[in-house]
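Okay, so here's just one chain, in structure tokens, the form predicted alone.
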Amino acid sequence: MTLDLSGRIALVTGASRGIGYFVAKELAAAGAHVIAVARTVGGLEELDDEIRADGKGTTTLVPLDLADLPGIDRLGGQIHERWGKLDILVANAGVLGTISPIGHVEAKVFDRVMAINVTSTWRLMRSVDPLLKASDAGRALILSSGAAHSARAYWGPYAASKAAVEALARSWADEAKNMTLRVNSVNPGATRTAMRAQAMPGEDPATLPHPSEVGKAIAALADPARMETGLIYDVPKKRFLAYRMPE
């Protein structure tokens, strides 16, 4: 079934490249108006050009470093003033930090990973929570990683940050379980991105899925007809998984 997001407002962070770029393109192609957020103006402008050329969706470009927490609050206020609601959130932006033994991780590196991957994501959730609840079918997709569960050696800060945002997403989903808002985490799996190349410099990128494939799979989860919540969607496995422990 063709995804139809006509008249819906979507916010995508980290939209200037990689997975976020292609999620934004897919949402726009389905008819959504995409609020594209990223630090890199050139990447945002390229995204806007491609969406305009496609002729199906529209964009609002927001150059913003998510370390600017008051800026995230202002963004929520501006969305409220202009549209009064938000239908889709894709919290995609994140940083890797360094692949290093925990004892060798610099404090400033650890602090930035937590600031961008956790604190800014929480701030974004807080800012758009009432906007998503004003939608008839709010959908929040929080990008996670298999690292949150594998907890592999040398991936400590990144793994911890993704475990934290999964916990935030699950709590948020539970708070909204009797509402129209649905909140899920997404594990995109190994993808041909700059972050993956940074983490695995010896890996052949041609062996990995292109971010356009992953972006299409993630965009489909914004369908108002999808009712899953409090779960994690595993893109490689093409299904939702539950990570809840017995109560």
Ligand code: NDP
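Quick caveat: nothing in here was measured; it's all calculated off a predicted structure. All residue numbers refer to positions in the sequence shown, first residue = 1.
FYI, the form predicted in complex with the ligand isn't displayed, but the following is about it.
- Looking at T191, you'd find a heavy atom of it within 4.5 angstroms of the ligand in the predicted complex.
- When the ligand is considered in the predicted complex, K162 lines it closely, a heavy atom lying within 4.5 Å.
- Shown alone here, A93 lies within 4.5 Å of the ligand in the predicted complex, counting heavy atoms only.
- Within this chain, L64 lines the site of the ligand in the predicted complex, having a heavy atom no more than 4.5 Å away.
- Residues G14, R17 and N187 are all found to lie within 4.5 Å of the ligand in the predicted complex, as judged by heavy atom distances.
- T40 is the sole member of T58, T180, S212, T40 with a non-hydrogen atom within 4.5 Å of the ligand in the predicted complex.
- For the residues L143, L124, A169, I88, the 4.5 Å heavy atom test against the ligand in the predicted complex is passed only by L143.
- For the ligand in the predicted complex, the listed stretch (131-139, 111-119, 78-86, 169-177) containing residues with heavy atoms inside 4.5 Å is 111-119.
- Contacts with the ligand in the predicted complex, taken as any heavy atom within 4.5 Å, map to no residue of 224-242.
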